[in-house]
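Next up: just one chain, as structure tokens, the form predicted alone.
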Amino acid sequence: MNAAVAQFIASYSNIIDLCLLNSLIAYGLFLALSANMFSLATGGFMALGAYSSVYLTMELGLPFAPAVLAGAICGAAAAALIGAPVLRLRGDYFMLATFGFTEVVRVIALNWDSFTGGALGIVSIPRYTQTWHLVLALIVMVYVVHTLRGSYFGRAIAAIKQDDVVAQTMGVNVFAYRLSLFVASGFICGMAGAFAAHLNYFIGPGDFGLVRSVDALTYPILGGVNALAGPVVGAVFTTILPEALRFSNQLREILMGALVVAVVLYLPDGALSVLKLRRRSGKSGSGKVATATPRTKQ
């Protein structure tokens, strides 16, 4: 049994690592979405974490762990810097502002040849990221999110998600809470960028553009923004499906687009809402049987 598990992990180690990495990114977006912040800044945060950590490990010889922490701090610092003006925007304007940030970072990476390698990117990056690093980071993230959801902070965020105007009148500092979540999202995405840089041997500006940001946004939405396991479910499913459809790029894009549309239309609470619907139908069915039984006896 252990040999079979070891062989399975060895055969699909790349897919497993990618699922874990995308799940970590998904929780970064999960925190932002918990306060109705549809952010497209993920690519920018990841780029800052990736390039800064690679510079520290390859140029300055810093150990891997401090380099990952530095990458996460760079993402959090960028989120704090742009958060003050951006978080005062609403809806589409907020999304456009965060998308603009990602594009600015991408263009800088594209033209800063001495630091980022320009359009050619950086190659021969040492592979320091191990599977257990990603597992540990994901476990810590799930624990932190679970703890926050049951705290006063989590209840305040839930109130903001329901109606931020009402929450503001009740004394909740909406801007401060949203800024905290936005900075936390930047920290997680920066850390994920550092992990990704030391996992794939190569990074380039094209790895951190709009496509990366949109993909990251779909992970928690498809899985479910109200369920703790939603980000993992969405990230794993949207990571495995394209790999299974590699034989046809056209079919892969069509199915992914159709999947997003179907979930938004029929499962607005994400894929995990199917379990809730089954539980409700089961309870209602059992209730009908219970009320019907005495009537037959009479």
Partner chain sequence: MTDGELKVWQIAKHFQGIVAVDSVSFCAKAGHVTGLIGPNGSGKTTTMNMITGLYPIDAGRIMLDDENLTGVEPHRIAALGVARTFQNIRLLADQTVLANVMLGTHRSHRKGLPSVFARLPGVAAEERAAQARCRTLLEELRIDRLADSAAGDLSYGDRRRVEIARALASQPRLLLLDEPAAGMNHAEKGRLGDLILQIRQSGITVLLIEHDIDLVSKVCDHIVVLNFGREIAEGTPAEIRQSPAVIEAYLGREDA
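In this text the structure is predicted, and so the values were computed from the model without any measurement. Positions refer to the first chain, counted from 1.
The same protein also exists as the form predicted in complex with its partner chain; that form is not shown, yet it is the one meant from here on.
Distance criterion of 4.5 Å from any heavy atom to its partner chain in the predicted bound form singles out Met170 from the list Met170, Ile139, Leu120, Leu228. Proximity to its partner chain in the predicted bound form, taken as a non-hydrogen atom within 4.5 angstroms, holds for one residue of Leu179, Ala77, Ile125, Ala159, which is Ala159.
Residues of just one listed stretch (144 to 152, 127 to 135, 186 to 194, 69 to 77) have heavy atoms within 4.5 Å of its partner chain in the predicted bound form: 144 to 152.
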